[in-house]
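The form predicted alone is given below as one chain in structure tokens.
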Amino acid sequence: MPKQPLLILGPLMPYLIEELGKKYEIEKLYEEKDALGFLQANAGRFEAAVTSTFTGLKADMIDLLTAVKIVSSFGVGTDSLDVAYANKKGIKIANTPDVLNEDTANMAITLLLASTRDIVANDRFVREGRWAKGEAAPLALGIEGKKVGLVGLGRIGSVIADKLLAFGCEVVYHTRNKKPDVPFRHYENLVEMAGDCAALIAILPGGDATQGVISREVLQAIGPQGTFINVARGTVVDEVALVELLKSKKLGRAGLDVFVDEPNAPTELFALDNVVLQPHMGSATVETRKAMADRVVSNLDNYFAAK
């Protein structure tokens, strides 16, 4: 029995390519020298396609996928996917939620601990021989008993909250609407919450609706003794203000896994000891990326099984 044709829009991890190839006749659009010409000649062959949050799926591409009914995306975010337009065209969009909750939450906690305990700066302090020369590293900050605010309390945010409780933190949160049956205090005013917290963790979706939610005013409210952690999207924060306030120490510390113009993190941050930088690694473990890949495949399998 012939395999179902499947169009892969952008690069994917080798394991996922291999697993897709076992069940589907795959074509890699990103390897075509003339992608437009290829689609014009072959689009009618493909009922299904695969993309990722990095490759995305914009309206112009949707218009070229004339026969596609299902797009399975590697990643949980949908800010790079024009879901509304796809739905208007009768295309289902599938993503990979839940399987990455734990590791992304662990990255948030890791960045919080690394930032408050000056892990990266102190690592450099030892490597540069300053400890051996008799210098004393400055005292760091603890998090036990501190109030930590979550901007967003979805699947991943809820896991972060549970982990913070294990560290003895008081958890509060800000969302547009108060969530029922949640034991944590809800703040309607984000600036007020930022001013009350020792640390603020951004874990909300990207996209136009959340652009710049973490404003200069919010960052200033966190203050010179506070810490800002971003494991959401770079667009949710005023990055210009973030850099200025970290440089001037009006914002105490930050742990950043995401940036506005990835992979281009602001170079002004590179020399700062009060910021920990990561290359968008929230879900980037062997175990989680495999689980995400398996979810991409199962989403397709379920579609073709009419589930």
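From 1 onward, residues are counted along the sequence shown. Because the structure is a prediction, the values reported are computed rather than measured.
Beyond what is shown, the protein has a form predicted together with a small molecule; the following relates to that form.
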{"query": "Joint contact, 155, 213 and 233 to the small molecule in the predicted complex, by non-hydrogen atom at 4.5 Å", "finding": "yes"}
{"query": "Interface residue in the predicted complex among 222, 203, 237, 71, criterion: non-hydrogen atom within 4.5 angstroms of the small molecule", "finding": "203"}
{"query": "The unique member of 148, 86, 218, 76 whose heavy atoms fall within 4.5 Å of the small molecule in the predicted complex", "finding": "76"}
{"query": "Among 119-127, 106-114, 172-180, 192-200, the region lying within 4.5 Å of the small molecule in the predicted complex by heavy atom distance", "finding": "172-180"}
{"query": "Interface membership of residue 137, the small molecule in the predicted complex, 4.5 Å heavy atom rule", "finding": "no"}
{"query": "4.5 Å heavy atom contact, residue 132 to the small molecule in the predicted complex", "finding": "no"}
{"query": "In the predicted complex, residue 166 touching the small molecule (heavy atom, 4.5 Å)", "finding": "no"}
